[in-house]
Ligand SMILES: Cc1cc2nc3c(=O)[nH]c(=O)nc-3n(C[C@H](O)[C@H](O)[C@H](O)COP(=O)(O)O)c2cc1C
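So this first bit is one chain, no partners, the form predicted on its own, shown in structure tokens.
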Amino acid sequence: MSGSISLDEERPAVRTFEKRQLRDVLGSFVTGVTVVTTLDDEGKMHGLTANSFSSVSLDPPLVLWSQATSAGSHAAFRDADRFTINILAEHQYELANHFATRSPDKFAGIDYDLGVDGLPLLRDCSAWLECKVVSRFPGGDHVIFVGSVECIRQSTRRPLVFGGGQYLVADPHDLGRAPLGTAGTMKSQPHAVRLASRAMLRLAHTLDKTLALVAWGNHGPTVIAWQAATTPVAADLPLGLVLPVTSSASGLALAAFLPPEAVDRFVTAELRDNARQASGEVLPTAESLVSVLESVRVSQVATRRPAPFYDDRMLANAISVPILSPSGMAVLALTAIGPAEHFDAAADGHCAEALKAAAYEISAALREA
């Protein structure tokens, strides 16, 4: 496969835009999530969720954050000499929502400790910075607070992430070198799973198809991850679902790039069962399977035309592409599934090209690791 395929078309420049459009563009910049806390002159605690936090300087140690002048707690922060940045952990999205809403007492029922100057430190966060205000700057409908960091604390909890209008989780970036010990054939599989999981999130949004990640297990092609479309192909998407080799797109995508000794016993059993069935469905034979697998090797795309999904409640089409190890062996299959009446499973269609582009990118990353 040559070149690369863009999954999203670049949109034209917009010089006249609305607040909503600007918010969407700014949402492309992924940030952490914080709750900033302080005390007012009467000793009352205040806090609000902010993702406008940023580092400014290490020497001297300075950070900044901004607050809307319309915020209910703005007067308290405007007049306070100190603030604390609570960097939320990935499980604290409900806490982020709590402090993002207006409430006369946001700390009711909230677990916290007191910092060196009596400001609240929310429990179970990823990190904390206790700061003294050194500057305030007007910034449109916000005020920018710059603080000198005087005390820091950190836990082992991973931070909560926000981008594109939703909460996210942070994982190490694996598009560069793989972790030690992942080079080789099946040794590259854990690295491939991490890369493919990210690709599935992107593809599910772009293609709006249910996606499956399939590995070759002890019983043949086995689903190890799902990413549902807006309307999932089924209500239940079970992990560990074992697929047939000869009559599933995933099975064909894997079998075409695995050694015969890995697949022959499964293929033999399935072909024997196919010969015994008297249904009207056209099932693979030994002769037809040779031709199909060779076609998959050439195109690196396997398709399945209308056939019952695993629970027999609907007919589905499927497209699957192999993710290859540095030696050219299939380590995973990336598969898109959709209702037959809505999903064109053409081997040269847009969906197939998008899957191939993602698989090629992951396979290339495995080769470079």
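Residue positions are given as counts along the sequence shown, with the first one as 1. Predicted model, so just to flag it, every value in this text is computed and none were measured.
What comes next is about the form predicted in complex with the named molecule, which does not appear here.
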Practice task
Indicate whether the candidate residues F257, V298 and S325 are all in contact with the named molecule in the model of the complex, with contact defined as any heavy atom within 4.5 Å.
Solution key: no
Handout entry: A50, V63, M45, A340 - the one with a heavy atom within 4.5 Å of the named molecule in the model of the complex
Key = A50
Exercise for the section: Identify which of I144, I224, A170, A71 has a heavy atom within 4.5 Å of the named molecule in the model of the complex; exactly one of them does. Expected result: A71
Handout entry: Option from 127-135, 236-244, 289-297, 72-80 whose residues, in the model of the complex, bring a heavy atom within 4.5 Å of the named molecule
Key = 72-80
Practice task
Evaluate F99 for contact with the named molecule in the model of the complex, applying a 4.5 angstroms cut-off between non-hydrogen atoms, and reply yes or no.
Solution key: yes
Handout entry: T303, heavy atom within 4.5 angstroms of the named molecule in the model of the complex
Key = no
Problem - Close approach of R194 to the named molecule in the model of the complex, 4.5 Å, heavy atom - result: no
Handout entry: Close approach of F162 to the named molecule in the model of the complex, 4.5 Å, heavy atom
Key = yes
